[in-house]
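First, one chain by itself in structure tokens, the form predicted on its own.
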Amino acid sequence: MRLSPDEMIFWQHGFVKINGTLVFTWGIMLLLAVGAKLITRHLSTDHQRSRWQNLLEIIVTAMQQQISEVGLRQPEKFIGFLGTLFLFVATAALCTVIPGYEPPTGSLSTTAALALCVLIAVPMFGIQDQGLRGYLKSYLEPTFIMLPFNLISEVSRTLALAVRLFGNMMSGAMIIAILLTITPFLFPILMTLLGLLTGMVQAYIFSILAAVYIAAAMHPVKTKAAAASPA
């Protein structure tokens, strides 16, 4: 029984090796890229649109509304990043129905990479919104004594994102593997369905937390704007 797709080795030459995590991650990335190209190749700007385009626009609008409710202005600016995070984690979970496949999110290296993407995106959006000086100044609020604590907070929440997603995804895969050994019929099917639901929930939670962190990085500007507006 494998604890992680890292243990699934497809090719190795010396210390260089291609494991399951790498293969499945790039496979999902290729699937998302090709799928996005195929889905958007016949989009129309006319009043007459296909049912598929209407469904796609409903989904995108719902995602933008969810991002807006978190507190981010101009949600269309963030949907590319946050939507991709959601789709990657969700697709990694949904593909578990494929025989021989193991979700790359069951590896700490993948979840750490996703968390690092969030770590980079937070200051990037914060600097874009407030400017470099304004964003760096937020680390000194409400007083300069908070600087080390704010820095620790940035690192700790990134670590928490990675470990939370890794633990939830790996535990689901492990439970299914154990049940396959004990009762190879009814229970694994039910647990697989539950695992798909859990994967979708984890994709939603991961994306929302990323949105919350980005919103927090842009919060000082909102606070000043609110204070300047008339009651």
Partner chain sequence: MLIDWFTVGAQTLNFLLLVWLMQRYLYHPVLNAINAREKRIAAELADAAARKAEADKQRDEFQHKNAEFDKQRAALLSKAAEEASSERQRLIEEARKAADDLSAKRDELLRNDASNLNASIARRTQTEVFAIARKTLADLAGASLEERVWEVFVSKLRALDDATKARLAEAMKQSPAPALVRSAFEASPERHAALQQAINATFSADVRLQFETAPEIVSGIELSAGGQKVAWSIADYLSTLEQGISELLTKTKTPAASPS
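What you see is a predicted model; the values in this text were computed from it and never measured. Numbering follows the first chain given and starts at 1.
Absent from the display: the form predicted together with its partner chain. The rest refers to it.
Residue contact with its partner chain in the model of the complex: L116 places a heavy atom within 4.5 Å of it. Though the partner is left out of this view, L209 does not reach within 4.5 Å of its partner chain in the model of the complex, counting heavy atoms only. Taking the partner from elsewhere, S44 is found to have a heavy atom lying within 4.5 Å of its partner chain in the model of the complex. Its partner chain in the model of the complex is not approached by A216, whose heavy atoms all lie more than 4.5 angstroms from it. The candidate spot formed by S153, L165 and A203 lies out of contact with its partner chain in the model of the complex, as no residue has a heavy atom within 4.5 Å of it. The single contact residue among P123, G83, G134, G71, judged by any heavy atom lying within 4.5 Å of its partner chain in the model of the complex, is G83. Residue L87 is the only one of L87, M146, I127, L94 with a heavy atom lying within 4.5 Å of its partner chain in the model of the complex. Contacts between stretch 12-42 and its partner chain, counted in the model of the complex as any heavy atom lying within 4.5 Å, involve F15, V16, K17, N19, T21, L22, T25, W26, M29, L32, A33, A36, K37, T40, listed in sequence order.
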